[in-house]
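Heads up, the chain shows up twice below as structure tokens, two forms, tagged structure 1 and structure 2.
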Structure 1
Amino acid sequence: MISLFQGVSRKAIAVAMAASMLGFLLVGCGGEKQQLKIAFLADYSGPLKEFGPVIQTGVELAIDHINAAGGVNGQDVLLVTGDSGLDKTKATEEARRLIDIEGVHGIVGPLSSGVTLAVSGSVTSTSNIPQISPSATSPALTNADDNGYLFRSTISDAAQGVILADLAKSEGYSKAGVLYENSPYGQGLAEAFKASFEANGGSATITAYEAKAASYLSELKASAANGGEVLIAAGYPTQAAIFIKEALENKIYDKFLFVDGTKSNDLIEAVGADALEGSKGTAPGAGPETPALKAWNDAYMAKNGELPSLPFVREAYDATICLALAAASSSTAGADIAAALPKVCGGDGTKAIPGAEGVKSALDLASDGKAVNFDGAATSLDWNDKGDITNGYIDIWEYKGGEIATLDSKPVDLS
């Protein structure tokens, strides 16, 4: 620091600092018709690094559609990216940078539930910047202390918990043991399942495991202590490959139900197709092909040549469009966008769907101050007052003949 500024007089530094502070002040009162800047904060490094660039294609498609329709406030919408690296410290620093230095008006991201909660708690909720995660599914987001600035464009795992409980009941189980990974994802899913299963007269023993162990036998024993007839594997394949084997080998369980995290071909390979044959599971699904989904698929195909290989690309598109619509209908101030979000994507307004034309009609209506109800590619984007999507679909699938087969898709309503 000292050596860096040795040649520069203190006066010059003081002037520069004063000028930059003045600059911040000017940005602060820059009026409400300024250019909209949206940030995409996601994983470009770390364990989820394959997701960042792919999900970004959804955001970019949305920006294309918005700008082709004339942008917001008569100017093109700008996209800025930040890297969260599945690291809470890094992600909050990036969010700070995006807001304080880049001056973004809304954030799409981050991807994981834990990081999303960290960014919301320490940055966006206090900076009054709306934040929409396309992929954070933990029920822990629902009641997070977010000051009304945290939204998500995917459905909460509470929905999967409800369908999983229905599935366990319809399979004839009344006592279930749940082994869940000790993370917001695993715990949220396990608790949602337990609440729903016990409301329907079942009993569930939920047991946490740490992902680093060489054996999960004592956790399995603890989960089966109350006579569990079926094991719900609420975690990830690497660990499930160990504990499903151990459960069978030590005759603790011989029936299993799975979730999206343990829907895995690696698991079939490790445990063997015979052992898993007929076991069912749940996972968030797309539901029937709506006009909105079809329009989006067509637009994405036209731009990228193929449909995305990873999930949450549609959710990211939906989130970006909603931020733009909300800003167009009110102003670029964070509080206005957050307040307008549920109105432009839900409610009784004129329906609009994805695609260049759909987005143009939605933007025109929103800019004119008219009511619009944008239906997303992934969900219908009806938000409740906690920033949760209320309607979606959960798939039921089965391990069958060494493969994964989807059996059914059930609508859920969390409102």
Structure 2
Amino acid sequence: MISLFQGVSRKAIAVAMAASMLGFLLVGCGGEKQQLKIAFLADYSGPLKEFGPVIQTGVELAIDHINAAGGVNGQDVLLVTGDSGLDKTKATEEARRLIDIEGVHGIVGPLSSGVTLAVSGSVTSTSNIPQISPSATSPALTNADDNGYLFRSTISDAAQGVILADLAKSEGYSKAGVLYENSPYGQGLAEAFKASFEANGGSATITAYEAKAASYLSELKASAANGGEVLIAAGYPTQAAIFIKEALENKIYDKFLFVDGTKSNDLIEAVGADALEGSKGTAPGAGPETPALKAWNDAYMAKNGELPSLPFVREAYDATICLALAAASSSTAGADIAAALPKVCGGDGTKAIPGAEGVKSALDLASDGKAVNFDGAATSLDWNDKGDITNGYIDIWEYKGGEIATLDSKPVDLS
């Protein structure tokens, strides 16, 4: 048998073998050439179980576009899912599984603010794994101690609270009761609403409730103590189904305003379309049709047949694309992805938009080390140093004919 190294010195062989081993280590351990794995950690059980599968369609569309463009590092990006169940313990355990067992390099999610903060504080910020929530709107995220690993692709409720207060005023209400889930999401939104509503001459009584209570009658009565003309339902569908029925049955309220967490087809089914008919609400939205939004809408329609009625599907798409672009521009190491996120989705690079062609253009630029600025389907993704989006839109929507109809979009700026 002829040696493969015949005529080659022992020193040259040793150098070649060392180089080969170094290459293996860089690929296997350093993350530079690994197959990118992205997790979607969302609600498939619990009070928000309606939202997880719908928002996942946005993540899946993003994965389709990324892989059609050749993926990252010449390999398809893999999607792994986990169920957070609106439970902090369950979500943190799932996050650890996704990182330690599945080997994911970035997480899209969770959906709720309280669970997002729990996962960030206990898992991702100490594991050096970037996390982008498409729907955690609490102002508490802004100053979270996350070591630079927590982002969101939706705008803070510091904006939604103002638009909700404007909506209440435009509907002719001067006194409001607010029933909010005792969580960072509910509290942040309730307080933002109250501050803005009262600054404009209104009066608001805000009352917290616990998520798993069987009845909210005492909280409803407390919220109406100032003679509230309307109830602001700042919680989630399964809870709202209980307290809306109780408010009607006990003649405490018959007028309601809703938010993103109570923008729900399940709520229509649980309460009845007639009880909700004409009630309006607010939720982060995408605003007027831009080239980026049109490209996304066209792609989503082509795959799914109709646009989603629930919020945060576009935001989940944007988050997934940004993780892939950040990895393509640097490596799959978590620290590199986190550092690259504001550069590939924001900044002064060449503009790119959603859709198969736009994503391919963006990935080509990022892979070649060129500056790219991905313009999201939902927002411009101008992350600040807190991981916050600073401008976007809040939709005004309505329960109408047993469906959810968007009426208007209001621009907001938190910069």
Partner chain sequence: MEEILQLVVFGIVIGSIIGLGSMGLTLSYGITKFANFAHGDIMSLAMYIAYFIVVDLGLMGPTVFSLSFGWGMFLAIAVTIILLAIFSIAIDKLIYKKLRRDKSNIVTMAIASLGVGIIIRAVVTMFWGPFARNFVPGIHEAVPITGNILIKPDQIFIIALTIVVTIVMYYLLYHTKLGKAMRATADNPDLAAVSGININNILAYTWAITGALTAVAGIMLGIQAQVYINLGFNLLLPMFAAVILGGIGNPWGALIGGFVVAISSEVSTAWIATGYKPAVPFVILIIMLIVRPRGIFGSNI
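Keep in mind it's a predicted model, so treat the numbers as computed, not measured. What we label the rigid core is the largest C-alpha set whose atoms superpose within 1.5 Å from one form to the other. Residue positions are counted from 1 along structure 1's sequence.
Form assignment for the chain places structure 1 as the one matching the criterion, namely the form predicted together with the partner chain. After superposition on the rigid core, displacement of the C-alpha of D260 between structures 1 and 2 amounts to 2 Å or more. Relative to the superposed core, A302 undergoes a C-alpha shift smaller than 2 Å between structures 1 and 2.
The two forms, fitted on the rigid core, differ between structures 1 and 2 by 2 Å or more at the CA of E246. Here the two forms are laid over each other by their core, and the C-alpha of I394 is off by 3.0 Å between structures 1 and 2.
For Y236, the Cα shift between structures 1 and 2 is 7.1 Å when the rigid core is held fixed in the overlay.
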